[in-house]
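Just one chain follows, in the form predicted on its own, and it is written as structure tokens.
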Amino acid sequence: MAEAAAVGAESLSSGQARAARAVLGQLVLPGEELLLPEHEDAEGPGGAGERPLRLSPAPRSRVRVVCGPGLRRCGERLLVTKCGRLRHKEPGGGGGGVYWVDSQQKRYVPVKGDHVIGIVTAKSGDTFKVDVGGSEPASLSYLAFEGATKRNRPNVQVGDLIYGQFVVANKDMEPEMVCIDSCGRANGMGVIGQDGLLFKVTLGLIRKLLAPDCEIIQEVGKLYPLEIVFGMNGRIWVKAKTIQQTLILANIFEACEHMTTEQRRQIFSRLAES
């Protein structure tokens, strides 16, 4: 970690941009610039060095790259805005894929498209104020529910839990949530049931649990029949048949972040026997 931080600090002080694919999984620092794959050849092998001599200008192919949390598009480069490890997801149907910075942070920063769990704190006119754990509450219109009209308003009260997604999330505007997808369907979003337990975990654990190859969810599903909702803002809502089972599941999720695979298997085997 110290060597990676030293390399990042050296490139930041020298002003040279590194290739994004060359630093995947490594530590990047705020203010550092990364070269996209289609611009690596144009900048030279060492980053922002001498450009190779070309007899005829070759046309550049514009590749669509999605910038995730911790990155910002700055011209033909990526600008790092958070400290963490650079990650990349290969695209399914062509393109440059998705780049993001995997970092550990306590406060959730709203991101467009994230599915979160919020708490209705107030009702002002035609909108609801929803606490999502960010620096300011998000707004939710009463028309942002499936089948909602001016006459048929949704039954939402102060204190209800809302599962929705962000459609507006940037530093200059108030976050805005909706409980419908692009087709106008709820698709599992809306008011969460009154029963169940809501608790908070770290943002890193949420990303780990939502990974496609996460073994924790598969092992938990074998213990008890349950209903569970994950929010990217670090909130989990879980409901089992009994209150005791619900509390056991909540304790498992809170403790599994610091457990090894062997320790987790031992606990699951003990619970299965009991």
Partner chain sequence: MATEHKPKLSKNLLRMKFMQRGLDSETKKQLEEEEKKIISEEHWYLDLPELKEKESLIIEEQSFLLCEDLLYGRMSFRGFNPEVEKLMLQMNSKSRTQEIEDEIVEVDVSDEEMARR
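Positions refer to the first chain, counted from 1. All figures in this text were calculated on a predicted structure; none of them were measured in a lab.
What comes next is about the form predicted together with its partner chain, which does not appear here.
- No member of the trio 147, 176 and 234 reaches its partner chain in the predicted complex with any non-hydrogen atom inside 4.5 Å.
- When its partner chain is considered in the predicted complex, residue 37 lies well away from it, no heavy atom lying within 4.5 Å.
- At a distance threshold of 4.5 angstroms between non-hydrogen atoms, residue 76 is in contact with its partner chain in the predicted complex.
- At least one heavy atom of residue 163 is located within 4.5 Å of its partner chain in the predicted complex.
- Contact annotation: residue 153 falls outside 4.5 Å of its partner chain in the predicted complex, judged by heavy atom distances.
- If you take 218-241 and check each residue for a heavy atom within 4.5 Å of its partner chain in the predicted complex, you get 221, 222, 223, 224, 225, 226, 227, 228, 229, 230, 232, 239, 240, 241, in sequence order.
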